[in-house]
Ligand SMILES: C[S@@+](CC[C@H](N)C(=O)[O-])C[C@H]1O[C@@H](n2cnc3c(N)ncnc32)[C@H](O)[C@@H]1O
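In the form predicted on its own, a lone chain appears below as structure tokens.
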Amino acid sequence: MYEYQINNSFFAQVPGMMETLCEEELKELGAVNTKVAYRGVYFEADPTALYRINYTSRMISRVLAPLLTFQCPNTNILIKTAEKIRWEEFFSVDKTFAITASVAKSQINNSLYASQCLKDGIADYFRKVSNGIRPDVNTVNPDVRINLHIEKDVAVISLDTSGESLHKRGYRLLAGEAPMQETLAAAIIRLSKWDGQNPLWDCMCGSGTILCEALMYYCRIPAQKLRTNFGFFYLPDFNKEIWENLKAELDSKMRSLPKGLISGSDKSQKMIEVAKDNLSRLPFSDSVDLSTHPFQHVKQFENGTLITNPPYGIRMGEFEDVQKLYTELGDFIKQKCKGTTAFIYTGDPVLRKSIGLKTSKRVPLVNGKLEGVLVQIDSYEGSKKRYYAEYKAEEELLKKKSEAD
């Protein structure tokens, strides 16, 4: 038996600064015995939960199934150990594979070389059992992805049960100059606690990532609805019947989007066309309102949720111009967004001061290699409305608990 089969143990790779959020989501999707680590979460899951996590998680990047953990002070041991795994149980010689490797605080200190050695070990194994034939490596779109992590001379070889990174939903073929990662957009939707009870607007929507993630969240569209290949298909104990039944069940829970509930605007007609193209790949996208104009031309946006990711001076324009934009956004929220709660993500935390409004919450979040911050701004009416809603929800929960007792 392989390591993951002994105790149903897996490791979820997650974006930076999102470990706790991702742990919460994993629990909701059926994971148990979770443990947060740096940029990841250890957890246990049965096959149903594993498939559900890969198909519906909105925030995690990958799920790794550990096959073997061993002492690995040198590359000879790595190659010889790789030859002991029965790789034909995972894929055949007519499939392609790729290896991702990372090393830390180990005598093997070059991740590319470690990856090459593991590849050699796999190739040697197949040559022995397949009359000299070995599968090809495909680094762009392989059938199977294998992960190698070596830390303090302890190596873990895992099968990537996700395959392609889960942040790639399949709807975004085009992007702007500084696109927001899909997992980050999903995290912001979650942190906003928007539930469709009021309209959501992205006033600088760019290529539409926030709009797409809001649509998928409200309509209960599984995050990987557009994906056809998963790494868990290649696990030796993959259960096709469980997967097909689960997928059918999750797909049946999708719901339509009321017209006007989600809207986006941008001053660039080109970016609106990109957003429209990306949205077009998702169900119910016809109900998302898109328009071309700067937010400064909007008369008002009241009693709603504003979520946006303005430019922050990197490849997008001069810093002074961006500071002015943030000041104008702050004035707009103050003067024209009565009863609205705004969530603004910036890749440069310094810019939040240019908004000129008191923030009720600040959450550090990473977008790729940029360490940014999400700020929440409540108007007085918006604050009262939010606090009252939270109070009523808590009151309802206590009432249900009391009835159950």
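Note that residue numbering begins at 1 and tracks the sequence as displayed. Because the structure is predicted, anything quoted here is derived from the model rather than measured.
Keep in mind that the form predicted in complex with the named molecule is not shown, yet the notes after this line are about it.
- Stretch 203-211 is the answer when you ask which of 102-110, 67-75, 203-211, 82-90 has residues with heavy atoms within 4.5 Å of the named molecule in the predicted complex.
- Only one of 312, 243, 301, 218 lies close to the named molecule in the predicted complex, with a heavy atom inside 4.5 Å, and it is 312.
- Only one of 281, 276, 95, 293 lies close to the named molecule in the predicted complex, with a heavy atom inside 4.5 Å, and it is 293.
- Mapping the unseen interface onto this chain, residue 268 counts among the residues with a heavy atom inside 4.5 Å of the named molecule in the predicted complex.
- Using a 4.5 angstroms limit between non-hydrogen atoms, residue 117 is distant from the named molecule in the predicted complex.
- In the predicted complex, no heavy atom of residue 155 sits within 4.5 Å of the named molecule.
- Within 4.5 Å of any heavy atom of the named molecule in the predicted complex lies no heavy atom of residue 225.
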